[in-house]
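Take a look at this single chain in structure tokens; it is the form predicted alone.
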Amino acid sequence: MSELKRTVLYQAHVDAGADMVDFGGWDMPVQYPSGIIAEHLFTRSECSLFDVSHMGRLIVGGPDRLKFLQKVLTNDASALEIGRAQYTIIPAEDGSAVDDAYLYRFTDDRCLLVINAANIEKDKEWLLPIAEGFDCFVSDISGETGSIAVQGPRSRDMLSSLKGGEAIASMKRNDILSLTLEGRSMMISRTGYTGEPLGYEVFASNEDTVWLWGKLLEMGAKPAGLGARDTLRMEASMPLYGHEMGLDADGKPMPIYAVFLAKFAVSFAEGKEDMIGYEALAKQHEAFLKILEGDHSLAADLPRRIQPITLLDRGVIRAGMPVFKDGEQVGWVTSGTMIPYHVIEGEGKDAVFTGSTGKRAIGAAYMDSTIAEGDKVEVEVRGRRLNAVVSKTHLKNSKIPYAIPVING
């Protein structure tokens, strides 16, 4: 058995009493002594720190870098300006996902592609042979630097209050900056995987990553592990590779347009004609638009889609559980658990925390495209079919500073 890799923050996790687990070959914290529920709620009300140093980080440069990125990524890399980032997907020829990723353009001559930790080797095996056909290079810097996700309503105030961080206060979603915080060089993006209206990801040297982690803890932030990262992204209906992307419960590739985020991640702009999977994705896209209009005439090109689901009966839904409608199986749960939430009155700056909290059984399901928002379905939980509803969303995050839970059913 090979030894697990450790991020530069490993000792900080151990010292804080974290439960460490094997995650994609990395020794990572799943939770701290306060527990997943407390970490989830603290992120939604204050500010949590997530060690994301284990994520794959690839530098793409060279004269043909743009042509290469246009071929291997679904989004329009040519539209990405310096100082901006975009969510994107690495497509296969059949229109399924090799992985999903984030592309950052910090400088004019190179980009940073961040990929899932468990897929680093697989993605490299896919991308590097393709890169050989272009005058470009793909360098793996995973592990050479550190990265922290700073997420929650207080994240902006904390980071911008550091010396040199004033510009952080005016950053928009997907903006990125290279700056010096307290004399330390860092790259910061306003991105994240928690669904928070305010959230940032910081890339820095290993030494400076350790410093920033400690500094933000002194300022009142708290550490959160992989458990809370999963419940937060689930509440925000964000896909996780291996659940909402990859292979379905039957072992078949899931089409990219099964995920609602595809409408932001896939571009058919001029210059994208050579994109891998272009033809398959164009068919999925056309079917997707018709399905949204209630027309299922092209559903053969997109037979199932992933939608939020809320359990109405008492119980908990888990990945792999079958979903039924009118006695017929129509799909499977892809992600599900019991999610905590704050009871909040109002929104944005008018939001008021009542002091009460609750829990709800929610998740996502990969279901026949005929299934629509508001439909009542059943989930088979331990041999019993429990009532559930297809939801529009579990979370509203359009108004700063608080994400607002949407209670369905």
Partner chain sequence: MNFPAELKYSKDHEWVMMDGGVAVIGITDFAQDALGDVVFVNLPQEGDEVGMGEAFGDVESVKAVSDLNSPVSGTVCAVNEAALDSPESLNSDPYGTWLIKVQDLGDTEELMDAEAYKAFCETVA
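All figures in this text were calculated on a predicted structure; none of them were measured in a lab. Numbering follows the first chain given and starts at 1.
Omitted from view is the form predicted in complex with its partner chain, to which the following refers.
Engineer: At 4.5 Å between heavy atoms, only one of the stretches 362-370, 42-50, 58-66, 336-344 reaches its partner chain in the predicted bound form; which one is it?
Structural biologist: In the other structure, the partner sits against 336-344.
Engineer: Which residue, Thr231, Asn119, Gln86, Ser142, has a heavy atom that falls within 4.5 Å of its partner chain in the predicted bound form?
Structural biologist: Looking at the other structure, the residue within range turns out to be Thr231.
Engineer: To verify the annotation, which of these, Arg173, Lys124, His296, Arg318, has a non-hydrogen atom within 4.5 Å of its partner chain in the predicted bound form?
Structural biologist: Contact residue from the list: Arg318.
Engineer: Is there a heavy atom of Arg384 lying 4.5 Å or less from a heavy atom of its partner chain in the predicted bound form?
Structural biologist: Taking the distances in the predicted bound form, the answer for Arg384 is yes, it comes within 4.5 Å of its partner chain.
Engineer: Report yes if any heavy atom of Arg314 sits within 4.5 Å of a heavy atom of its partner chain in the predicted bound form; otherwise report no.
Structural biologist: It does: once its partner chain is placed as it appears in the predicted bound form, Arg314 has a heavy atom within 4.5 Å of it.
Engineer: According to a 4.5 angstroms non-hydrogen atom cut-off, is Gln31 in contact with its partner chain in the predicted bound form?
Structural biologist: Answer yes; at least one heavy atom of Gln31 falls within 4.5 Å of its partner chain in the predicted bound form.
Engineer: Does the 4.5 Å heavy atom contact test between Gly35 and its partner chain in the predicted bound form come out positive?
Structural biologist: Residue-level check for Gly35: yes, a contact with its partner chain.
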